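Take a look at this single chain in structure tokens; it is the form predicted on its own.
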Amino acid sequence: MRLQLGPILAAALIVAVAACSREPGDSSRLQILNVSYDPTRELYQEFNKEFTTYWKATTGQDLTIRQSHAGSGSQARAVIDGLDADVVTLALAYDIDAIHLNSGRLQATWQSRLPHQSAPYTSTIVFVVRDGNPKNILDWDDLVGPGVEVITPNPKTSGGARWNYLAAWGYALERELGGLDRLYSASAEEVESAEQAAAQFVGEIYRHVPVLDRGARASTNTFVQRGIGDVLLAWENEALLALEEAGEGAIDIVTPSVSILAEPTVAVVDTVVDRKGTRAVAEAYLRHLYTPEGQDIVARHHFRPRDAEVAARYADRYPSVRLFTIDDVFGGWREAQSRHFAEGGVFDRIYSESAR
């Protein structure tokens, strides 16, 4: 799907930005804050430069875009606690839902405002291993092999960590049931048995985790820079960036047989933009992610673009992998969060058991 800002919208923007907030002492410069998660730093550094150029050409106004990055869950909490984000670009829909539910700073309908349920790009979960893959890690079962150390961040603070956890859980369900499609045709006893096996498998993975960092980028640094661990569970885009930066002969990427479709989401923070008068620029900023120019930047930073033509140009970057969705297997983010990651949920139980 392509969304382009045509002449009518451009004219409307010129009128609307007159009310946008400005930096003190500068009557022509606008400023917005994008509160994002760890692995998007480089993406938004380039996207912000492109968008400010576009905005200047369209409206005649200068624009400053500030960035904030940390674990997705931590970022959502910061916005709930008062951080004045004009837009949030977080790792998963639940973190934006949490802002609505716990602060009312954006509307419940936020996800219906943009195409693809406000997820302008996707990713998935892959393995990063040492050069030559000395532990021969090829699929999820290999993560629990003798002596294997797994690096993954804390699901309590990191959206990427929650995707990692659910990807492993979905793999275990598929293995036990002989296919994820059997979730809805198997008997209740078979599904319960498969869920118990999945809990045991994921718990065993955490017994192989020597340290839980707060965010995905911190885990990447633990693995690549500090040299801890045999395998890093990572966003595909983060893995490709790490491979690019580490250079030849340092690390390799392994794509497992099955993984989860990770769909980072974006939203305008209604109460902030209405108070500051920045709604027009904030909404245009997020819509620009869907334009061919925005999608090309997305692809250059190793996310999977939604635009079919752009995706085709970068198809050789993305290995084919069977992907399941959180809706298909877990009933959506609210149900997954409540069951697995809330206080006293499944993660708390299996992690406390794995620490014994």
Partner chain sequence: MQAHRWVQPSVLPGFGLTLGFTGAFLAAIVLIPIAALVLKGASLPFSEFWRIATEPRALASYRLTFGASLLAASLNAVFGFIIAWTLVRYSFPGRRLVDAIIDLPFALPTAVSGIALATVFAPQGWLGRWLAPLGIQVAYTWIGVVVALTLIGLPFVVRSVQPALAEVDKTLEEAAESLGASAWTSFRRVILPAVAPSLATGFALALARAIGEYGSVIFIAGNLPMRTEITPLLIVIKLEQFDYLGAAALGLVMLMMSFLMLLTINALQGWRARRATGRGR
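Keep in mind the model is a prediction, meaning the values are calculated, not measured. Positions refer to the first chain, counted from 1.
Just so you know, the form predicted together with the partner chain exists too; it's not on screen, but the next bit is about it.
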Note: exactly one of S74, N133, Q111, T255 sits with a heavy atom within 4.5 Å of the partner chain in the predicted complex, namely S74
Within 4.5 Å, heavy atoms only, which of A186, V144, A194, V209 is in contact with the partner chain in the predicted complex? V209
Triplet N154, Q225 and Y351 all within 4.5 Å of the partner chain in the predicted complex via a heavy atom: yes
Test of understanding: in the predicted complex, would L177 fall inside 4.5 Å of the partner chain by heavy atoms? no
Is the gap between I80 and the partner chain in the predicted complex 4.5 Å or less for some heavy atom pair? yes
Even though the partner isn't displayed, in the predicted complex is W169 close enough to the partner chain, meaning a heavy atom within 4.5 Å? no
Is there a non-hydrogen atom of A280 within 4.5 angstroms of a non-hydrogen atom of the partner chain in the predicted complex? no
Partner-facing stretch of 259-267, 178-186, 133-141, 217-225, counted where any non-hydrogen atom is within 4.5 angstroms of the partner chain in the predicted complex: 217-225
So which bits of 99-130 sit within 4.5 Å of the partner chain in the predicted complex, heavy atoms only? N102
